Every structure is written in C-alpha cells, then in structure tokens.
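Next up: a single chain in structure tokens, the form predicted alone.
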Amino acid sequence: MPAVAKHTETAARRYDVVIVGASFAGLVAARTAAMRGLSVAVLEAKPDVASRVATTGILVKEAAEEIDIPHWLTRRVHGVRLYGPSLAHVDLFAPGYFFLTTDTGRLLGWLAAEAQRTGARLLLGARFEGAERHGEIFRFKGLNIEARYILGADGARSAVARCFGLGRNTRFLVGLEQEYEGLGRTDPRFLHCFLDSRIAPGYLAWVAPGPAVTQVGLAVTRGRKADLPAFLAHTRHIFGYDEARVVERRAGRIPAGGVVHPWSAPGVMLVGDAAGVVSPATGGGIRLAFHFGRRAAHAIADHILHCGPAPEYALAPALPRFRAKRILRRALDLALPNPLIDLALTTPAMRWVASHLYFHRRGVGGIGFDAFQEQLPRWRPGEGSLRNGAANDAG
C-alpha cells in the first residue's frame, strides 16, 4: 500500500475536487476522478481508513459487478437462511446469485491504496471544519487547501451537508454488531437472517460468516432498543458464541429515509450515506455508493475538464426514488407480531417477497437449491469453512 501522509501542509494547495470522507463512495469517487485527470484530495478525520469501521460490509452481487475486488478480501456466500422468531427457518437461493462478505477494514484500505495509485492524495487526520466560497474556489478552514468542487462522502451525519445547508438524514436504523473469531458452528453456505419483532423490531438480526471473522449483529427502527445480548441468548445454542472470542464491537446509524433534499448546491454535492442513497427497506448502500461515487466523479470531471453541465444536473435523473422501498419501510416499522411472522415464514408469498429483496431477480436459470447443495462438500459444525472455490472465495 502506498505511503499515506498525515495532514501537515502549511502552504495552500489547490485541487480540482476535494472529497470529504474516505468511505466506500468517497474512495471510489477519488479513484475515478483521478483516473479522469483531476487533481484530487480526500479528507479523512480518522488516523487510518480501516479504524472504527461502522458497516458490516456485505456486498450484493451487483456491487461486486461494479468494482473488481481481490478475492482474498471476500468470502462468497450463495444462500440465505431466514429464521422466524421460533427459529424455524427456510433456505433461500437463486441460481447464479451470491453475496460477498468482506474484511471491511482491509477492503477500505485496498480502495484507499487504489485511489492513491491513480494519483489521489489521502489526507488522514484532516477533519472537515467548514469551507467558504471565494468566487469559483472553496477555501477550507484550518487546512490550507482549496478546491474547485467539494464532494461530501462523510456519512449519515454529514458535516458537508451541515456546512452548506443541504438536506440531512433524519430517519435511521440503529445497528449493533460484534465480530467473533472461532465461531465454528456457523454454516458458511448462508447469510443467517432473523426476523423477530421483540429482538429486532423493524429490521432483522444476522450472523454473517466472513473471510476471517463472523459478524453477529442486529438493527432496529427508530425509537426501539437494539438488544444484542437478547439475540445472543436466543441463538446461543445454534452458534455457540461462548466457544469463540469477540475481537471487535461497533455501532452505527443506517439512513432509512431515502435521498435527502437538497442534496447539492453550486460546487457541492453529497454522495453515499451523506446523500441518503441507501435502500430504506434493506439498509443496503454499498452498491449504490460504488455506482454513484463513480457517476459523481464522471460528472465532476466532465464539468471541470470538458465544459460539461453542472454535475448535480447531470446526476439528478439517475438518483433512485425508492418509492416502493419507502412504503415497505413504513410497513416494517409496524413490527408485526411474532406469531404472525412464524405463521407467514413458510408461505409462498413470504418466500417470494424475501427472494425479491435478497436476490433482486438476478439469478440465472439452472439448478435448484437441493441440486446445488449436492455439488458442495458436506459442511459439519466446527469446520468453519468449505474447502471449495465455489463456496468460499476467502483464498
């Protein structure tokens, strides 16, 4: 990984674009903008992009198709095991579809190295404290740098949005998560997802086998308590948490209100969680961060280098409206009674809804789940992983 400079500049330096936040959206935008010929700086308040990671980092297939990621940073997971409150479950699978669980901190580090390799400058320990416009140039308070354009990729509580009076996220899911080493009872063929209105009202809980650790967490809708100890107690006999070691704990907010308004101003644009470009229903935002990080960088480069339209006008028609997912979010906020969830779990209607949400109709024709499982080595508790390239891309 290229050397990363701490921010100690004393002379003002001008960039075409300054990106605030070394997030998924920010780092992809930095790499793309630098490849398009812009001078780019990324401001990151943390001393290391991999520290204090606040996301589980599960990639849907569409995200993996946006950005080619080294296989050693991921584990490929083909199915979803969906549990009801009674812990009865159904197994969901779409031929040709998969998820990638990731070593999230190392993935962010790899994206940062890629951005630097293309010429972007990463300024760690550089907190955004505001910027003022002087004609066509923005001057950053306390940092001695200037920019022609500012891209805010600084998360759900965006300081860029606050500075420039842009829209701000007001609806959130609240998540808690722990990472375990040695959680050998976890079947790595599945993302394990739990519906339970008592433990995870308004969303769900999960156990996700990753390349090096297993991520165990839950998220709840606003105004509800996130009770991770209750989930651990409820599922301890399945996964054997006492036999493993907790190596990381995290908490965070997931925007759940859709795209903020306004999300841009002359010379300034929000992207990723800062812009609310996150599915209100599922909380999924990494694919959208990759996609719109790239698109935002394209639009900024076209504007600065090739007399293109203002980037916000170029990008506006492509932004998701999330109409159906906002309706589904309101339904999920109602938190159906647990007996009703258990009753619905095995119905064809529930399978259809769950498959649509998880697999996005992206499976290709081919084998069914039973036939697919026959091609995999038999997994036994304690083995931890499947020694088969089709089932485990952890390397």
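Throughout, we count residues from 1 along the sequence that is shown. This is a predicted model, so every value here is computed, not measured.
FYI, the form predicted together with a small molecule isn't displayed, but the following is about it.
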| query | finding |
| --- | --- |
| In the model of the complex, segment of 90 to 98, 164 to 172, 250 to 258, 194 to 202 with a heavy atom within 4.5 Å of the small molecule | 250 to 258 |
| Heavy atom of each of G21, T56 and D154 within 4.5 Å of the small molecule in the model of the complex | yes |
| Touches the small molecule in the model of the complex: G283 (any heavy atom, 4.5 Å) | yes |
| Partner proximity in the model of the complex: K141 to the small molecule, non-hydrogen atom cutoff 4.5 Å | no |
| Distance check, R326 to the small molecule in the model of the complex, heavy atom within 4.5 Å | no |
| The small molecule contact at A226 in the model of the complex, heavy atom, 4.5 Å | no |
| Contact residue in the model of the complex, chosen from A126, A297, L111, A147 - any heavy atom within 4.5 Å of the small molecule | A126 |
| Sole residue of A244, A159, I304, V213 within 4.5 Å of the small molecule in the model of the complex, by heavy atom | A159 |
